[in-house]
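Before any questions on binding or motion, here is one chain by itself as structure tokens, the form predicted on its own.
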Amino acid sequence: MTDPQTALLDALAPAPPSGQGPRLYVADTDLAEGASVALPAPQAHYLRSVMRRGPGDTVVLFNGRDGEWQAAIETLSKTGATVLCRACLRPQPEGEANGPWLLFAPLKRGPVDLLAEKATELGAARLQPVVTRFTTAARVNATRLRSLTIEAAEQCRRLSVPDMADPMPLARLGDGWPADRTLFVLAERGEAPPAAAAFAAHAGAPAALLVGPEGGFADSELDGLRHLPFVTFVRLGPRVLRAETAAIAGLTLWQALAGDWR
């Protein structure tokens, strides 16, 4: 007879897509037919205690390089698990690696967590914190943000996880910037064309979006950005948006007009 706690856990376990199973990101493992993949204790715990899976059950694996693979659990314990790759479900797409970059001033924990999660769901290929004069957050917890992007990628069926770059000063933005990637600065004030028109004109081209801190950019920072040859200033609308809202709105607009939603 099933005890009440087990029954409750089974009822609350998320239902996977039909014929597949829980999705797991395995960054350091190559995936191919017949490959045996070792899973660490946290993923084993997730399969065993949260998803209520056991040997013989199906899981889905991806690593950002080899596509998406259906696999079967061979062994499962508290300390780890092994799964066997059976069949490729989807090849690795090229579009995700070429997605827009998101540059943002570090925010407080709640807003920056939301930003990282939604940027992953919206197809950002790279997350780059930039330190500005009015940046309010003291530091960026890259480990936590990396975990959030992995979880978001697992849930939204992405086959890659955004690169998480180390914070850099805004003044060094031009160091090594790729010449073919336009940086759209989401301006809060001043003259700038509508983002929709600017994005549509750059459809299919490499792009990055820069969102400032809650206090906005300093005048000297704006002047410095205007002198960079790869920068274009755009406006999202008549209202001043919170930084995390601007990031989500900007990425949504880009994907709809110039990215992989077309």
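Quick caveat, the model's predicted, so the values are computed rather than measured. A residue's number is simply how far along the shown sequence it sits, counting from 1.
A second form of this protein, the form predicted in complex with a small molecule, is not displayed here; the remarks below concern that form.
Novice: Counting only non-hydrogen atoms, choose the one of 206-214, 57-65, 223-231, 35-43 that falls within 4.5 Å of the small molecule in the model of the complex.
Specialist: That would be 206-214.
Novice: May I ask you to check whether E154 falls inside a 4.5 Å heavy atom distance of the small molecule in the model of the complex?
Specialist: Judged by the heavy-atom cut-off of 4.5 Å, E154 is well away from the small molecule in the model of the complex.
Novice: Might L236 be said to contact the small molecule in the model of the complex, defining contact as any heavy atom within 4.5 Å?
Specialist: Within the cut-off, so yes.
Novice: Decide whether E188 counts as a contact residue for the small molecule in the model of the complex under a heavy atom distance cut-off of 4.5 Å.
Specialist: Contact check for E188: yes, within 4.5 Å of the small molecule in the model of the complex.
Novice: Report yes if any heavy atom of L24 sits within 4.5 Å of a heavy atom of the small molecule in the model of the complex; otherwise report no.
Specialist: Although the small molecule is absent here, L24 would stay clear of it in the model of the complex, with no heavy atoms inside 4.5 Å.
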